[in-house]
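Next up is one chain by itself, shown in structure tokens, the form predicted alone.
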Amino acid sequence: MALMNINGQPVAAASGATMEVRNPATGEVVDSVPKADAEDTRKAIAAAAAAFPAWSGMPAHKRASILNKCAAHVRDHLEEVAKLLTAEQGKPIRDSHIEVDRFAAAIEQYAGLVAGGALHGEQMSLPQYKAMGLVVRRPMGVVGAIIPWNFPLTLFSSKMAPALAVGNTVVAKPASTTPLATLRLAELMTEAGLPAGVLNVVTGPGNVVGEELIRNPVVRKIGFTGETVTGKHVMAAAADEIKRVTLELGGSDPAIICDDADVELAAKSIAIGRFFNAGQACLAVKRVYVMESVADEFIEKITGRAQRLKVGNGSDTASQMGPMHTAGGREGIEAQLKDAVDRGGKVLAGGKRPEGDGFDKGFYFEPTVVVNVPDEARVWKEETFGPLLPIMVVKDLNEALQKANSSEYGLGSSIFTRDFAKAQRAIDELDAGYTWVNSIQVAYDELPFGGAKHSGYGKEHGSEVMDYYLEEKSVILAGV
């Protein structure tokens, strides 16, 4: 059994309860983990609070040095952690390698920023005689990180790395279905010299462990990634303690293909953006609006790419798309597709569970392209968290922008065009936290990331994220 990490020690649940972790490709049990309760969570919070004074009081360059050693030790075990991630999450092993590497890279990025002096404040003149004003930035204390299952390591590091770098301590709760790689990473960081209590990982149900993190007054900040409905609950519950929150929530990201676009580039980028991680990404392309003159060419190209993707067990290096993570997730995609077809939609690729050896026990679903879907269908209004791509033909950019902005979500967006004026309109008018122009939908650690409308609150990534893990304090320094 993989154990929790509390105060630098491997720990079982006080009750002895456990949870199984199963491989979504085969249904087999990979391992088990502790099923913690509120008391276990309070122990982790207490350990983080006890570690905070020494960690926050350490010079920034020394914290950075320790974190860089942690990143290096993780890289030394990249293959081991990647195999764990594929076994519990289902994604192809190639993609797991990328995710473990990004975990280490995020630690290195924020270690580098704080070592380079990014934690500076301000000094200014004041009207008061022989006085000056200072603005100092201080870590908040204990941070709770609540992590989803789709990119568990990337989304762990996007919260943990800046929080630790600026001097906070962390209690992390991974998703109950993907805790194993996260637990191993915490163990590796402890081995590399991270002081006891600075990072703690507690496994258990969200309505128990997560709820304790959200409501416990010792925890001063929550970083959460997950569904919008759950995010609203986190925000409301955290309000009782006036607790800071960063919420990265759902998305229904539109892509616009103009009549002057490089259609081959658009098809390639959108195929990756939609079907990467079996479409289970908040930033995945989820709606396409293509102009009439290039519609046939684009639809032919994207359909061909969907049909050629090799679906299989993530441990097979030839697999390009693994299974969906849960049975419920697959059923949700099937229900959205049925609604689209019932309303007149036409399936051009996929649309069903693959058959044959190796597919019967996993949660597989074919990469799917559907056209002729009317506006009232669920795929245009809801988040489609799986390998399902609806395409709508539009007459011009005005119609495309209007439809793109009609969603309650505002996370990512894309446009493909050779015309700078059209690109500028998309940059100015698309109501989203991210806009890609002629690009694959990749979120970069160097840029701030966060959504508009129901897609979130606050920012992750970039140097801006540190502002969400620091408090500002004003100081008046007067002479005597």
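Predicted model only: the values in this text are computed from it and were never measured. Numbering starts at 1 and runs along the sequence shown.
This next part talks about the form predicted together with a small molecule, which is not shown.
Undergrad: Tell me, yes or no, whether G112 is in contact with the small molecule in the predicted complex, where a contact means a heavy atom of each within 4.5 Å.
TA: Taking the distances in the predicted complex, the answer for G112 is no, it never comes within 4.5 Å of the small molecule.
Undergrad: Is there any non-hydrogen atom of H233 lying within 4.5 Å of the small molecule in the predicted complex?
TA: Heavy-atom contact with the small molecule at 4.5 Å: present for H233.
Undergrad: Answer yes if any heavy atom of G410 is within 4.5 Å of a heavy atom of the small molecule in the predicted complex; otherwise answer no.
TA: It does not: once the small molecule is placed as it appears in the predicted complex, G410 has no heavy atom within 4.5 Å of it.
Undergrad: Using 4.5 Å between non-hydrogen atoms, is S125 touching the small molecule in the predicted complex?
TA: No - in the predicted complex, heavy atoms of S125 and the small molecule never come within 4.5 Å of each other.
Undergrad: Name the stretch, out of 244-252, 89-97, 135-143, 316-324, where some heavy atom lies within 4.5 Å of the small molecule in the predicted complex.
TA: Selected stretch: 244-252.
Undergrad: Can you work out which of G273, G204, G386, G362 has a heavy atom no more than 4.5 Å from the small molecule in the predicted complex?
TA: Filtering the options by heavy-atom distance leaves G204.
Undergrad: Exactly one residue in L164, I256, A104, I147 has a non-hydrogen atom within 4.5 Å of the small molecule in the predicted complex; which is it?
TA: Contact with the small molecule in the predicted complex is made by I147 alone.
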